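Only one chain is included here, represented as structure tokens and corresponding to the form predicted alone.
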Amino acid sequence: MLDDKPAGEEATTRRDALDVARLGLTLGAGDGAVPLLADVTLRVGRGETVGLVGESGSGKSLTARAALGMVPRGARATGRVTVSGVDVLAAGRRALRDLRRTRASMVFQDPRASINPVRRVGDYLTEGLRARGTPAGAAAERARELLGQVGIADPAGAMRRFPHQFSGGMLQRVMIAGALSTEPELLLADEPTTALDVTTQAEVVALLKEMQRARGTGMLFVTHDLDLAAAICDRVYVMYAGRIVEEAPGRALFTAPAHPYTRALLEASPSAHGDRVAIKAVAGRPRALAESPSGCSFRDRCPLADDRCAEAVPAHRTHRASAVACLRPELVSP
């Protein structure tokens, strides 16, 4: 859990679809530098589904995008990000382009903001295939096959349509087909169901899992939906103010949270399971890393905080099934 591997362990790194070690991200330089991420460590094994949860602004999307080398312009990254053996932070433009075409793909939250509205769907789906040297005819046939696999009726007709001619759920299916067209080893799903109705959400998640199992793809699933993360993820990382504060197996995290923030998120989330309980809002407001208090970033919102919590950022420690950055996890889940 949250254990860094020495840089020379190439064989170990290759077993993971994604290996992030002590990732830091800072915007600007000197006295005006703004920290965005700090010491983020996580991994996604091949064929594994890993959740990344937390409030808006916690750094989830930044972390996912860093796996593809998509960091904000002017940002300085430290640490290590490895995707299937490729050192992302050290890679040049050509290497990153090849990585995105062959080894890693991303499904974004809003498909309408992620696909060119004036290009036909067929052009979108075949572009990556043709860039890899696939002949135009074979690329078109593969695109039609993918559209059929993701549940698009009349794939041949869909190839000629524009994005605005699809509903949100159908367009997200097109995005998934595009992401899977290169048979990636890593799939980054950044809130892929947020803008969809409940029925369509379930269909899209089932589709992602089915495609992932068929190809042995590792998936990092970024979401606000804790119930969903518990249901589909093998492991879950909880992020707050640009740091990972807890990691645990999916079910264990939600039955016995070890960090006060994780527990607060669960108490603030409606659930379709178990007894009816009151929903409690998380006290205070979310913090960015740059405006976090000293020591534990969550201490100004935490009912268990004391003077020790202000002294230093808590190191991760093992408590039951979790690796947690908290001084007293036994008070969270006795």
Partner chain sequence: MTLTIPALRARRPGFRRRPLGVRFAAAFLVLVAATGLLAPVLAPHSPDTTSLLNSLAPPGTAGHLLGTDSAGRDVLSRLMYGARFSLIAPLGVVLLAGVAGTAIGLLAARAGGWVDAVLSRGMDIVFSFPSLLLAMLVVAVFGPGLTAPVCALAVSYTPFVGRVVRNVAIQEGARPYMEGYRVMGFGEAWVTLRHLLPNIAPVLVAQSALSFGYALVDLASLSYLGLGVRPPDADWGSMISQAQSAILQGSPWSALAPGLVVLLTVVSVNVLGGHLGGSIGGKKEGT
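The model shown is predicted, which means the values in this text are computed figures rather than measured ones. Numbering follows the first chain given and starts at 1.
There is another form of this protein, the form predicted in complex with its partner chain, and it is not shown here; the text below is about that form.
For the marked spot (L27, S56 and A290), a heavy atom within 4.5 Å of its partner chain in the predicted bound form is present in each of the three residues. Listed residues L36, A64, L42, C302 were compared with its partner chain in the predicted bound form; L36 is the one with a heavy atom within 4.5 Å. Note on contacts: among T134, T102, Q109, S84, the single residue with a heavy atom within 4.5 Å of its partner chain in the predicted bound form is Q109. In the predicted bound form, its partner chain sits beyond 4.5 Å of every heavy atom of D123. Though the partner is left out of this view, E141 does not reach within 4.5 Å of its partner chain in the predicted bound form, counting heavy atoms only. The shortest heavy atom separation between D98 and its partner chain in the predicted bound form exceeds 4.5 Å. Remark: E191 counts among the residues lining its partner chain in the predicted bound form, judged by a heavy atom distance of 4.5 Å or less.
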